[in-house]
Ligand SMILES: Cc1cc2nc3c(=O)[nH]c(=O)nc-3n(C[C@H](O)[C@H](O)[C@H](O)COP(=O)(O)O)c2cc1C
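Just the one chain here, the form predicted on its own, laid out as C-alpha cells.
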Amino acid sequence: MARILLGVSGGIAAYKACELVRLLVKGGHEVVPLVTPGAERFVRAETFFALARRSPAEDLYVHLTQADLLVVAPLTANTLAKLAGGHADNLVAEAALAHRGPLLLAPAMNPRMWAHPATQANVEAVRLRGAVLVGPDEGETAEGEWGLGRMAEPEQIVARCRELLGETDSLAGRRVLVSAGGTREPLDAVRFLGNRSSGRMGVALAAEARKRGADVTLLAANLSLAPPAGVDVVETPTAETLLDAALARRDADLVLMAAAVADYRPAERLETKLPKDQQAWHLDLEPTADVLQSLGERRTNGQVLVGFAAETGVEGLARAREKLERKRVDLVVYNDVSRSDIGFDADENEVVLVTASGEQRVAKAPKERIAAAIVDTAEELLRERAR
C-alpha cells in the first residue's frame, strides 16, 4: 500500500489526527508522523508513533522521506501561511517543500481566522500549486463559536486520501488469494533446490488487490522483500506447504498464483548436512504436486483462477496458451525469463495476458503497473462470471 506523510500542526484538532492515523494504518498504509512542537502542546508525538506502529524516527532527514501522499491535518492558519510562503522552519513545512506528489490539507481554525482575506489568499496560493483541501466543516469550534472552521472528520480525510491514491472499492467484499516468491525444496540440513524468484510480482499483485478493497491472503514462499501492509501472510516455504495452504483457501473469489513453485524436489531429504568429498553427487528428483492444476480441478463456481508461465521465447508463449486449457484456468500471465531486464528478481516486467478470448501484450513497466493490468483483466473476468 501507500506511504503517507502525516503532518500534524498545533491546533486543538490534533486529537482528531490520532484517529486519522489509526484508520490509515488499518487501511494497510505506512504512516510517517511529522509532529510540530505546537502540536505536541496537545498530543505527544509518541502517541502518533504508537498508533502508526513505528518507533520514533531517528532519521535526521525524515522530512525528505519519499512518499505517495502528504497530508496535513490539522492545518492551522499559521501552517497554511508557511506553506503559501514557502517557509521551512518545521518538519511539516520542510516536508511540503521536498514532497513530490499529492498534497492534502485539512484546515482547522477559528471561523473568523478562516474567513480573513489573508487566509483566503493563502488558500488560493496553495490550491494554484496543486494542493487539495478537505473541509473545513461548519460547526461549533473549541472556543464555543459557530461557523466554518472545524477540521473534517477523519473518515472524510481518509476517503479523500483514497481518491488521491487512486484506490477504489472495486474488489470490496472479495477474497483474493495470492502466492509469491519461489519454493525451496530441502536436500539436506543446509542445502535446497530453488529458483531466483524474489516475490516482487506477487507482492505487487497483493498490494494492488488490497488497494481495491479486497480481503487479501498472501502465500509467501521465501520472499526477498517485505509483504505489503494490510494483507494476511502465510509462510509457505516448500511446494508441499504452498499446496496445503492454497487448497485450504481455495474458496477465494480470485486466485493469483504468481509464485515460482519447484517442479521437482529431492527424492530423499537428509536430516544432517551431506559432507563434501571428491566424488560426484548423483541426485534423484521426484515431481512435486501441481498446485495450479490442483486448484483448477477443485475450483468453485464463479471463481477466477490466474496462473503464471515463466517461460522462454516463442515456444514458451505457445506453452502458456496450452497451459490455459490444460490447467483449467481463466488467465495465464506469460513472461520471458530469458531476459535479464524483466522477470525474476527485476523491478520491471513485460507480459502477455492469455485468455480464452484472446491475448493482450503489456509493455515493459514497473511491476506495480503490470500488477494493475493483471488485476484489471481479472476483475473483468469476475464481472463476466457474475453476468
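Treat the numbers as computed from the prediction; the structure is a model and nothing was measured. Between two forms, the rigid core is defined as the largest C-alpha subset superposing within 1.5 Å. Position 1 is the first residue in the sequence shown; the rest follow in order.
Unshown form predicted in complex with the ligand; subsequent notes refer to it.
Site residues Q293, G307 and R328 are none of them in contact with the ligand in the predicted bound form, judged by any heavy atom within 4.5 Å.
Picking from 108-116, 200-208, 178-186, 213-221 the stretch near the ligand in the predicted bound form, with a 4.5 Å limit on heavy atoms, gives 108-116. Residue contact check for T236: none of its heavy atoms lie within 4.5 Å of the ligand in the predicted bound form. Among heavy atoms of A373, none comes within 4.5 Å of the ligand in the predicted bound form.
Taking non-hydrogen atoms only, F49 never approaches the ligand to within 4.5 angstroms in the predicted bound form.
Heavy atoms of N122 never reach within 4.5 Å of the ligand in the predicted bound form, leaving it off the interface.
This chain is drawn without the ligand; in the predicted bound form, the residue among A77, A252, V158, L91 with a heavy atom within 4.5 Å of it is A77.
Taking a 4.5 Å heavy atom cutoff to the ligand in the predicted bound form, the contacting residues in 20-39 are T36, G38, A39. Superposition of the core reveals a Cα shift of less than 2 Å for V203 between the shown form and the other one. With the core held fixed, Q303 shows a CA shift below 2 Å between the shown form and the other one.
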